[in-house]
Structure formats: C-alpha cells, structure tokens
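The data below hold one chain only, encoded as structure tokens and taken in the form predicted alone.
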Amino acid sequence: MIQTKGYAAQTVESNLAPWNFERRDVGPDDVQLEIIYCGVCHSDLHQIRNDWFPGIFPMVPGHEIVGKVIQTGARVKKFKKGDLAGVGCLVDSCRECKNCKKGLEQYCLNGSVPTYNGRNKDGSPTYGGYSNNIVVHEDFVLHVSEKLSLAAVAPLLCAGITTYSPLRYWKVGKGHKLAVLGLGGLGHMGVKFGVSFGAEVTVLSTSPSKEKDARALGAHKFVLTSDSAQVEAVKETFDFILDTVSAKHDMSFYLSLLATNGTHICVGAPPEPHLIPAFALMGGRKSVSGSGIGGLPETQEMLDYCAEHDIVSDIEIIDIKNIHPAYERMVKGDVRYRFVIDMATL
C-alpha cells in the first residue's frame, strides 16, 4: 500500500484537516500521479456537507487533479514516468454498457466510480485530490499539455468539461445566441468556450459588478437580471441558456428569456429541486435539459482544444490550510474564478 497525505472531513460535522491514509499499490494497468495542483469545486463543499446525498466519511474531496506521472504499471502504454497528466471526476466505470462503449462513462448504466465519495469495485472508498498522490487506471488518466499553466489547467477537469460538453452536444456556435447564467467557476468557462465556438454570448447576472469581468472574458453583452428594462429587452431571444447556478433560482423567469424552441441547459446543481410550471415550457416549445461532466474521450478532446486555443481557467492559488476560508469566499462569489490548491503546501 502507498502511504498518502491528505485533507479529510472525518464526519459531516467536522472541518477538513490533515489525515494520513493509504492508496492501493500500482497495478499493471495503473498510473500513479504526484499531485501538484487540485482545483476547488463547489461540489466539494456540497459533498462534505451532505447537501446532495449521504457521504462516505472520512472524505477527501477534489476531482480537478493535475500532476506528474511518477510510476506506471507493466501494461501501461499511454503514459510514462515524468508525463504531465490529470484526473477528473471519474476513476472507473463498468466499461461494458452501451454508454461506456460510446465514451460516455459519466453516464455508465452500471454506475461510474467518482474520484471521491464513491466506492471502487472492491467496495473500498475513493479518496480525491486534496492529497499528495493518486493511483488510477490509465484509461481514466488524461494527457495535459506543457503549453499551458498547469495550475490553471486543473479546473478544466470539472468546470471546463462541464461547460464544454453541453455546448458541443447542442452544437452551439456561429449564429446562436447563448446566455450564460451565473459568472463563477463554471460560468466563466462557459463564456470562454461559447465565444471560442462563435456564439453571441450574453452573461446573465444579479451582480452589476460582474459586467466588467464578463466583457473582459469576451462576453458580447451583459444583462443585469434585477433591471426590468434590460430583462424586457432580451425576452424570448436566446437559443440556449447555460445555467451554472448552484443556488435556488426562478426557472420560469429564465425560461421567459428563451426563444421559441430554445433550450435551458442545467449544469449547476442546487440542493433543492426546481419548480417548473408546464406553461413556461408549452408557450414556445421550450426544453429544460441537463448535462453532467463528459466522458474520457471528450475530456481529452477538451484539453487538446484548450491547448490549441490557449484556454485555461482564471484562478487564485491557495494554501491548503486556507481551504475553509476559500469555501466561505466561494459561496459569496468572492473568487475570480476558481481556487486551486498548491499541494506543495500539504
């Protein structure tokens, strides 16, 4: 077994604190990474708080992992010692169902294995990237380009692919009007990808202070949703709304901004269910849909696209001992736009 240092929540009532644990030995198909950086996702906080479902404790969060390959198994062909690599939200799946065979491991019909707060096929718990190393089957490890800032690549493993995947699935691009709802960790990546794909991008926000940031990120327009005149001007105009908000919000209000046949895409995950009146959909043949991260082939595609087009997350690097103050700031929206832990501070 491999001795590992990390930060864990021992119970739902406890804060994250140093914790030593063991990883499995490197098997013939495994890759071991020295974790250099790990992004901080809002879902990390949701899960240590049991906001979505009962957690598995002790819990080591973190699924935006980048680092260097330090050991490979005898059968590993895709990676060698010294390579830069990443691990996202998944570390395994059944590999056999129709979704897995299509490269949609995130929708594995037999249950994919999350990077943390899940269970491996042998029943052992998975522990995430708030740690100094991780061991993963090579099929769930991703190549990372040396062209980009390694720290700024980390959030691409969740925030990046979570916004890239639906925009690609719905073929959002030139000729489309895309609204990005919320300008946080997910939203700022939605803006970058939407602009890169050729769409006309509008940021919808409750914060007037976000307008300058939105335009700096490349957004063509900004709508302050508390301003009735601005809202009235964009009613029934958007082909797509990419909803990145993870707090409760009025879906009927935003559905009124969609054009006929428009699609509202949920990628944020509020802890409470949405209330969606039928007439909000029927009055324009509108759709509400959802999307979850991406499969391994699409995640690699996204990383390659980002390397080619020089796209990374806007980040603030933190010491791991400051994780809870970072969570507090994240909830307040006081980060531009993703915290990344320097694992050397562990």
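Residues carry their position along the shown sequence, with the first being 1. Fair warning: this is a prediction, and the values are worked out from it, not measured in the lab.
The protein also exists as the form predicted in complex with a further copy of the same chain; that form is not presented, and the subsequent description refers to it.
Peer 1: Taking 4.5 angstroms as the heavy atom distance cut-off, pick the stretch from 152-160, 195-203, 78-86, 98-106 that is near a further copy of the same chain in the predicted bound form.
Peer 2: Heavy-atom contact with the partner occurs in 98-106.
Peer 1: Let me know the one among V223, V113, L148, C266 whose heavy atoms come within 4.5 Å of a further copy of the same chain in the predicted bound form, would you?
Peer 2: So the residue touching a further copy of the same chain in the predicted bound form, by this definition, is C266.
Peer 1: If the cut-off is 4.5 angstroms on heavy atoms, which of these, D139, D250, D227, E236, is the one near a further copy of the same chain in the predicted bound form?
Peer 2: If I apply the 4.5 Å criterion carefully, the residue I get is E236.
Peer 1: Using a 4.5 Å heavy atom cut-off, are W52, H274 and A278 all in contact with a further copy of the same chain in the predicted bound form?
Peer 2: Affirmative, all three are within 4.5 Å.
Peer 1: Should R285 be classed as touching a further copy of the same chain in the predicted bound form when contacts are defined as heavy atoms within 4.5 Å?
Peer 2: Although a further copy of the same chain is absent here, R285 would touch it in the predicted bound form, with heavy atoms inside 4.5 Å.
Peer 1: Can N117 be called a contact residue for a further copy of the same chain in the predicted bound form at 4.5 Å between heavy atoms?
Peer 2: Looking in the predicted bound form, residue contacts with a further copy of the same chain do not include N117, since no heavy atom lies within 4.5 Å.
Peer 1: Although a further copy of the same chain is absent from this view, report whether S165 comes within 4.5 Å of it in the predicted bound form, heavy atoms only.
Peer 2: Judged by the heavy-atom cut-off of 4.5 Å, S165 is in contact with a further copy of the same chain in the predicted bound form.
Peer 1: Any chance G27 has a heavy atom within 4.5 Å of a further copy of the same chain in the predicted bound form?
Peer 2: Residue-level check for G27: no, no contact with a further copy of the same chain.
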